[in-house]
Ligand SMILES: CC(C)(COP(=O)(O)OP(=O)(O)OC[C@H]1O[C@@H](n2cnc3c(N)ncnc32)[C@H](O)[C@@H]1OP(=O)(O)O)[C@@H](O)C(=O)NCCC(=O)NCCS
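One chain follows as structure tokens, the form predicted alone.
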Amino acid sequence: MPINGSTTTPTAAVEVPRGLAGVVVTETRLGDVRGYEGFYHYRQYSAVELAQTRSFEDVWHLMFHGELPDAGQRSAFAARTARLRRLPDEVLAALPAIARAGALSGPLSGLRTALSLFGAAKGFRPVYDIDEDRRREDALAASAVVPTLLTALYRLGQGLDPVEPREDLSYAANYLYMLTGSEPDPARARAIEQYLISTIDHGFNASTFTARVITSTGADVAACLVGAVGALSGPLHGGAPSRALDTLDAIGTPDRIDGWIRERVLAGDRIMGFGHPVYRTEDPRSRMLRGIAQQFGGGLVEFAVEVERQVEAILAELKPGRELHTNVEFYAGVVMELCGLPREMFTPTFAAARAVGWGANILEQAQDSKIIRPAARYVGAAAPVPVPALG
């Protein structure tokens, strides 16, 4: 179906911005990001309000089924997804080798291999060869095991045994339990849950778009998720939470903030944790996570808030008219640090949330049988040129 009433023929070249910025490529009922308002939503609900008032499982149900669950549906859905956390024996047996192979690259790299193996072990079939109910079952199963795979790969990489998932814990609490081996403090489990909810989906970002492109070929759900994980692994997409904390470490003390930031701004360097390609106001996720961090309090939080204040003041002075605020990664790193997550698990934790959003996008894209197949403009040497003979 043409977008916005376009009548462009399939063979015509269409000029688009570099990086497809702002280009509408499809229609979605899953949510939207309104960057100039500092607002984003999942279906018809504010994503921030959902994070503040609902459980992760509630929002998962909303994304997959199109509605928030009532009390009975909530209990049934939570129990159903909890049962899906366990890994097939074939996958469990392979995890030590996957962890060893990815010793330098970490759990997110291993997740690509493990998810692919999981899909094969479960007999996932191309999305165009199965009905909607089976697609949803595959997406639920794959989303549910992402935390199990990530925590097992991390622990194996640390020389520890994986921790079996518990069905009596929530998604977030079970994630922390499998990571540490101890049942988490409820306040920290809730803080991580709110972070996870706030990052389930966020418009047509690079990983979500990748998942939908792969889905449009008819590939199975695991293949679509593997592609999305690959896109997320890039530092310009999902790799910033730990780097934002590295910035705080590099600054060190409040008296060094001004000089450190001015030097980077004048040099044109990027300040990790600041700026977003969509938001022209404060990132609403950052605002919410700042509030969560301040509930814990402490020196790290006070320092982060002061860095944020001074960065914005310095940018207003040196780059007047340029809106640059903290993005989700800045305070996400602070919250995860406060909750005891190791820094190498920051981006994998993001993936544990985004897997649900990817799954919802895969299900929506699978309803459209049209392959996503854009064009490129050739700018190389003029063709055809005679092929030279071997001399």
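The structure displayed is predicted, hence computed values, not measured ones. So that the term is clear: the rigid core is the largest set of C-alpha atoms that superpose within 1.5 Å between two forms. Note that residue numbering begins at 1 and tracks the sequence as displayed.
From this point on, the text means the form predicted in complex with the ligand, which you will not see here.
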Just to be sure I understand the contacts: of 95, 78, 305, 315, which is the one whose heavy atoms reach within 4.5 angstroms of the ligand in the predicted complex?
315
Work out which of 83, 134, 262, 270 lies within 4.5 Å of the ligand in the predicted complex, going by heavy atoms.
270
Look up in the predicted complex whether residue 190 has a non-hydrogen atom within 4.5 angstroms of the ligand, and give yes or no.
no
Hey, in the predicted complex, does residue 338 get a heavy atom within 4.5 angstroms of the ligand?
no
Would residue 104 sit within 4.5 Å of the ligand in the predicted complex, counting heavy atoms only?
no
Is residue 309 part of the interface with the ligand in the predicted complex - any heavy atom within 4.5 Å?
no
Given that the partner is absent here, state which listed stretch (139 to 147, 87 to 95, 228 to 236, 157 to 165) has heavy atoms within 4.5 Å of the ligand in the predicted complex.
228 to 236
Determine the residues of 304 to 326 with a heavy atom within 4.5 Å of the ligand in the predicted complex and present them in sequence order; the list may be empty.
315, 319, 322, 324
Rigid core superposition, residue 299 Cα moves 2 angstroms or more between the shown form and the other one
no
By the 2 angstroms cut-off, has the C-alpha of residue 265 moved between the shown form and the other one once the rigid core is superposed?
yes
